[in-house]
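A lone chain, given as structure tokens: the form predicted alone.
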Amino acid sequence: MQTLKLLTAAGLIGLAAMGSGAIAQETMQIGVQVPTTGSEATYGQDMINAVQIAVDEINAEGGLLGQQVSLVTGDTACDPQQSVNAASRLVSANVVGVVGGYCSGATLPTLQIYGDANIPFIIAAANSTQLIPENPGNAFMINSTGADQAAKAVEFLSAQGAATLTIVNQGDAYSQDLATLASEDWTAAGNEVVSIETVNKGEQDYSAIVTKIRSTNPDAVFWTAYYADGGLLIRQLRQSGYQGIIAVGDGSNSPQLFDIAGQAAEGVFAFSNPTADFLPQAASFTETYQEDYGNAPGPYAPLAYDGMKLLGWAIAEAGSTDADAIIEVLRSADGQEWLAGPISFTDVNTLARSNFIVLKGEGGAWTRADE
């Protein structure tokens, strides 16, 4: 397995304090902000691995501006307070830019920190529309927003014949935002939202929610939060006898959903960002990932890879590590494409297209449901 060329922010600062100034002079530090502990750590490590592959390719081609690139990681644990600490450490490490951002709730408080420091931030996964008004202008979202996902969900579920819907979220910036957007769009389409339910992260017993859903028997249930808890709800819903449509958002598009939900995940739909399995142009990337890390790339690997490639492109085009110059180049992106499709931005720095696809659980894995 490839040895990761990673330094923690604290470690980097410590080396500098010991007189290792050569590190700062000879390498260009890029921050990676992801959860590496907590319930979403699998996603975070997957994103780090993908960014590292992009860095390896950049370095093999001579690096950026004559410097080799190395990564400084900040663990958010998908927790707002820990994410603030992680972002502050990355700023202190004098990173040229940051790639990452998984949980929207943990990404939100870091926007001002990177904004105040004027550090370019490529948000690879987090997509709550709550991020948009808080963006000082230096952050760029390369995953489509929750508004795009809600529109895809309403379009697809309506086409399946559903007219009544129960939405279940966890009250965080990501899942509550998606729940609200989906509810508004569902109602605007002339359908009925039976109820919007909010549960606590880490719950094990969903019997009260399950009983309520069974009593109202909606045509579909939409889980808008993350896979670790979503798998439990799905399993308990099916065990209770619920036979309606079950759909999940992109926070639950992990293959691990099948490990948690078991047979109950069969037939579940997921509204997902483009994943490596369904991107023909990602074949070489997938092969490299498998060789380097011993397993297939996860759902956000292509976007994380693209985030690093996009930042590297912007630095090279700017011909400088000056933040304003890099940000200006990023704003000018006009269809630059790596794995997950073309990248250009709206006037509020969101991806200027919807990248959502629909998956279906079949045989213990995801398959395309919208082709």
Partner chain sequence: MTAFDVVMQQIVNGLVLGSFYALVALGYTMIFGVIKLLNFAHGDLYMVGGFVGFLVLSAISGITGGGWTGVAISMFLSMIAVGCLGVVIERVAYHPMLRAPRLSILITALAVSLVLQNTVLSITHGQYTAFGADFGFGGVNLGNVFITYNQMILVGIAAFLMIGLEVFVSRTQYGRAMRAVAIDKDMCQLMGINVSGVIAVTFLIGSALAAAAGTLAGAYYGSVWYFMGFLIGLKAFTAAVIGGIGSIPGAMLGGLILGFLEAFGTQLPGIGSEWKDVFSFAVLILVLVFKPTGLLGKSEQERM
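The structure displayed is predicted, hence computed values, not measured ones. Positions refer to the first chain, counted from 1.
The form predicted in complex with the partner chain is left out here; the points below concern that form.
S.K.: Could you tell me if all three of 328, 336 and 346 have a heavy atom no more than 4.5 Å from the partner chain in the predicted complex?
M.R.: Negative, none of the three is within 4.5 Å.
S.K.: Hey, of 183-191, 228-236, 87-95, 127-135, which bit sits against the partner chain in the predicted complex at 4.5 Å between non-hydrogen atoms?
M.R.: Going through the listed ranges, the match is 228-236.
S.K.: Since exactly one of 207, 112, 284, 290 fits, which has a heavy atom within 4.5 Å of the partner chain in the predicted complex?
M.R.: Filtering the options by heavy-atom distance leaves 207.
S.K.: Could you spot which one of 321, 39, 49, 59 gets a heavy atom to within 4.5 Å of the partner chain in the predicted complex?
M.R.: Checked against the cut-off, the match is 39.
S.K.: Since only the chain is shown here, I'm wondering whether residue 215 would be in contact with the partner chain in the predicted complex (any heavy atom pair within 4.5 Å).
M.R.: Residue 215 belongs to the contact set for the partner chain.
S.K.: Would residue 198 sit within 4.5 Å of the partner chain in the predicted complex, counting heavy atoms only?
M.R.: Flag for residue 198 set to yes.
S.K.: Within a 4.5 Å heavy atom cut-off, is residue 259 in contact with the partner chain in the predicted complex?
M.R.: Yes, residue 259 sits close enough to the partner chain in the predicted complex that at least one of its heavy atoms falls within 4.5 Å.
S.K.: Would residue 81 count as a contact of the partner chain in the predicted complex, using a 4.5 angstroms cut-off between non-hydrogen atoms?
M.R.: Residue 81 lies outside the contact set for the partner chain.
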